[in-house]
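Have a look below at one chain only, the form predicted alone, in structure tokens format.
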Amino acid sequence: MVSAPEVAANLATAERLIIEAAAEGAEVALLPEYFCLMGRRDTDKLDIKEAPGGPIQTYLAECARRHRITIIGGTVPMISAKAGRVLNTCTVFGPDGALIARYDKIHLFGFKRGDEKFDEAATILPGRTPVVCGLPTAAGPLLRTGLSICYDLRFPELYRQMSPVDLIVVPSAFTYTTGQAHWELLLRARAVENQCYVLAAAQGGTHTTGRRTWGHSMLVDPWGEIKAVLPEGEGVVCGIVDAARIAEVRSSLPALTHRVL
């Protein structure tokens, strides 16, 4: 997505893309970080913060139910215990619309180079708890999935706590500068070291606010091969999480069983 400062328009775009993904046979849809709002100011997210069961979450739940698909809802700004800050929260809804899991972003992005400056800690309170959940599949077995958000990608110890998983998801809004340098490198590294699939849905393009995000939403397999990618703009990236491929990689190179720390 290339989200704008208007929540209603972003929700409509998200549902349109989810419908497209479902028509292609997708059982799980992942939205980007800040899918519901890319504001003009960092503080804009405070104006739409919500409690559990709030309107954006309700929309995601109803969308999942309408289209019979599991939705990993990017991030929604959630009320926190500290005034002036929110939690950057990923919620997961099953095809029946029920809440499966919630994860609050742990690592908060900070960057400064020239005129480019970001400080998420000024408006976001960090979460503390890694989250792994089981996603329903048509085949029967639950898809063991580790939840993470954007800047978490730079902290491999988070993913080691989740291991073993079948899938890691990374809804993101990487800046153009950091994405160009590190995005693909980090996604492929997390896939290889955890011998699982990594699915990353990203903001990608020049937003109406003038900000540019890197995009390159992609699915990476357990060997580090990129199976599908969308460089920039709105659209859908589809691929298959293949249990046999995970087993093959882990059998031929049993690195997870060789861990000593």
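The first residue of the shown sequence is 1; numbering continues from there. Bear in mind that the values here come from a model prediction, so they are computed numbers and not experimental data.
The discussion below concerns the form predicted together with a further copy of the same chain, not included here.
Enquirer: Of the residues 130, 136, 97, 164, which one places a heavy atom within 4.5 Å of a further copy of the same chain in the model of the complex?
Expert: That would be 130.
Enquirer: Heavy atom within 4.5 Å of a further copy of the same chain in the model of the complex: which of 56, 28, 218, 192?
Expert: Of the listed residues, the single hit is 192.
Enquirer: Using a 4.5 Å heavy atom cut-off, which of 72 to 80, 136 to 144, 111 to 119, 85 to 93 contacts a further copy of the same chain in the model of the complex?
Expert: Among the candidates, contact is made by 111 to 119.
Enquirer: Looking at the partner-bound form in the model of the complex, is residue 181 within 4.5 Å of a further copy of the same chain by any heavy atom?
Expert: Residue 181: contacts a further copy of the same chain in the model of the complex.
Enquirer: Determine whether any heavy atom of residue 240 comes within 4.5 Å of a heavy atom of a further copy of the same chain in the model of the complex, and answer yes or no.
Expert: No - in the model of the complex, heavy atoms of residue 240 and a further copy of the same chain never come within 4.5 Å of each other.
Enquirer: Can you work out whether residue 124 and a further copy of the same chain are in contact in the model of the complex, taking contact to mean some heavy atom pair no more than 4.5 Å apart?
Expert: Answer no; every heavy atom of residue 124 is more than 4.5 Å from a further copy of the same chain in the model of the complex.
Enquirer: In the model of the complex, does residue 8 have a heavy atom within 4.5 Å of a further copy of the same chain?
Expert: So residue 8 does not count as contacting a further copy of the same chain.
Enquirer: Residue by residue through 150 to 166, tell me which have a non-hydrogen atom within 4.5 angstroms of a further copy of the same chain in the model of the complex.
Expert: Going through 150 to 166 in order - heavy atoms within 4.5 Å of a further copy of the same chain in the model of the complex - the hits are 151, 154, 155, 156, 157, 158, 160, 161.
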